Ligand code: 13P
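Next comes just one chain, in structure tokens: the form predicted alone.
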């Protein structure tokens, strides 16, 4: 099978297009990665450079091991579909092979090599250490988690300037904006303070959150989400950003709420929806001022 005909590639491309349509990917902002299943990689192996196919002209980096910049031994020998560094999400659908790539991690978990894609030159996303470290911790807690998605949703970013950079407070305020939020992500949201993107430090900080939660906010920058497939991951990002938009509108009208969803009302969701809303987020507030505990 041709790579471009594979269903996992089509799903990857659709998420990129949907994210761009939402306005979350200005210029070359954002990145996406997918941990490919064994049967999926076998279905496209005939097109993998250095495995069953020769490198095309002008692609000397194909099949050459490069340093990841971190260690992910639990992902040793696995394959990933990732967006390219400096590539635009709006172009992924127009020319997929020029904007994304399939890579393989070596047996030490310290290097990768390109096996397909980026056929006009380039390298995987600069956030590759963050993606792989997060895919590793997610695999440890749930092997079915395969997607990590980073984008720049305006309302989530705006809230990082006015809410405390505290995961419990951030979660509670987002929860109160839409009843479906605790149903979709009952384990809440983590928050990473501003850090230089693309390096090991922010990757480590994010992976500590993703070891237990599916969503991390990068203060003044964007958000990270993970999921078992493309629809679930995109849906999680969409849900949080929609709730953030409501909160931005509420804050634009007042600094406090006249009424809202109460802790016992959140607890009432547990049984009918088969969830457990973490009690950390159901603290009793001393004030109705938005963002204060």
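Positions refer to the first chain, counted from 1. Source: prediction; values computed, not measured.
Below, we turn to the form predicted in complex with 1,3-dihydroxyacetonephosphate, even though it does not appear here.
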property	result
Touches 1,3-dihydroxyacetonephosphate in the predicted complex: residue 73 (any heavy atom, 4.5 Å)	no
4.5 Å heavy atom contact, residue 90 to 1,3-dihydroxyacetonephosphate in the predicted complex	no
1,3-dihydroxyacetonephosphate contact in the predicted complex: residue 63, any heavy atom under 4.5 Å	no
In the predicted complex, residue 30 touching 1,3-dihydroxyacetonephosphate (heavy atom, 4.5 Å)	yes
In the predicted complex, the one of 175, 218, 185, 79 near 1,3-dihydroxyacetonephosphate [non-hydrogen atom within 4.5 angstroms]	218
Residue among 96, 126, 155, 179 with a heavy atom within 4.5 Å of 1,3-dihydroxyacetonephosphate in the predicted complex	126
Interface segment, criterion being heavy atoms within 4.5 Å of 1,3-dihydroxyacetonephosphate in the predicted complex, picked from 30-38, 63-71, 227-235, 257-265	30-38
Members of 66-88 lying within 4.5 angstroms of 1,3-dihydroxyacetonephosphate, judged by heavy atom, in the predicted complex	84, 85, 86, 87
